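Only one chain comes next, encoded as structure tokens, the form predicted alone.
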């Protein structure tokens, strides 16, 4: 790269930097905490309720996860989760409701292409890799834990 091009790029970067507005990082962190914390609070309230209804803690946890996925999907369908994502950023994306939002939003985007080739196929475009890597990571962690506990001869 010749020196003239480097000088032009540097000048352009300074121009962009001068016109860019500052990102309010503290504001974003606080909003992500509040939105994510609110979602987790709803999940904790649901877990406390389902713990009184279900026989075991595992069943209560599974029911809570299903309930939170349902809430995330419904909020996406009604357009509420888009607003939460705008405000809360990663605070809305990280809980399991964010995963439900991703799957439902993908399905809604391709619904005009039909049920089978549109919604059913496209909703796993984003969710597929998450599921594959999640299952693979769980399998590898199980193998490592089993080997550390001496369960392999």
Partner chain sequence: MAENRVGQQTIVFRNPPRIISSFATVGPDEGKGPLAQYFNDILEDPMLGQKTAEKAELKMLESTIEQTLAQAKLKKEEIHYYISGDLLNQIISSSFSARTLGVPFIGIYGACSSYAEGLGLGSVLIDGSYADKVLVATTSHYQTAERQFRYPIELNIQRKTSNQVTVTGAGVSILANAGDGIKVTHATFGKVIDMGLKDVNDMGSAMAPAAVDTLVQHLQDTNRSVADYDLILTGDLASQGKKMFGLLAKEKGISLGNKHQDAGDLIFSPQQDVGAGASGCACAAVVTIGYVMKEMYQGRFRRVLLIATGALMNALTFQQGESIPGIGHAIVLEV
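Here, rigid core means the biggest group of C-alpha atoms that superpose within 1.5 Å across both forms. Residue numbers count along the first chain shown, from 1. Everything quoted here is computed from the prediction, not taken from an experiment.
Below: the form predicted in complex with the partner chain, not depicted.
Shown alone here, residue 9 lies within 4.5 Å of the partner chain in the model of the complex, counting heavy atoms only. The closest non-hydrogen atom of residue 36 lies beyond 4.5 Å of the partner chain in the model of the complex. Although the partner is absent here, residue 68 sits far enough away that none of its heavy atoms falls within 4.5 Å of the partner chain in the model of the complex. For residue 136, no non-hydrogen atom is located within 4.5 Å of the partner chain in the model of the complex, even though that partner is not displayed.
The candidate spot formed by 44, 63 and 147 is out of contact with the partner chain in the model of the complex: none of the three has a heavy atom within 4.5 Å. Residues 86, 87, 88, 89, 92, 93, 98, 101, 102 of 86 to 104 are found to place at least one heavy atom within 4.5 Å of the partner chain in the model of the complex. When two forms of a protein are overlaid on their rigid core, residues whose CA moves 2 Å or more are considered shifted, and residue 15 is one of them between the shown form and the other one. Put the two forms on the same core and the Cα of residue 24 is off by 2 Å or more between the shown form and the other one.
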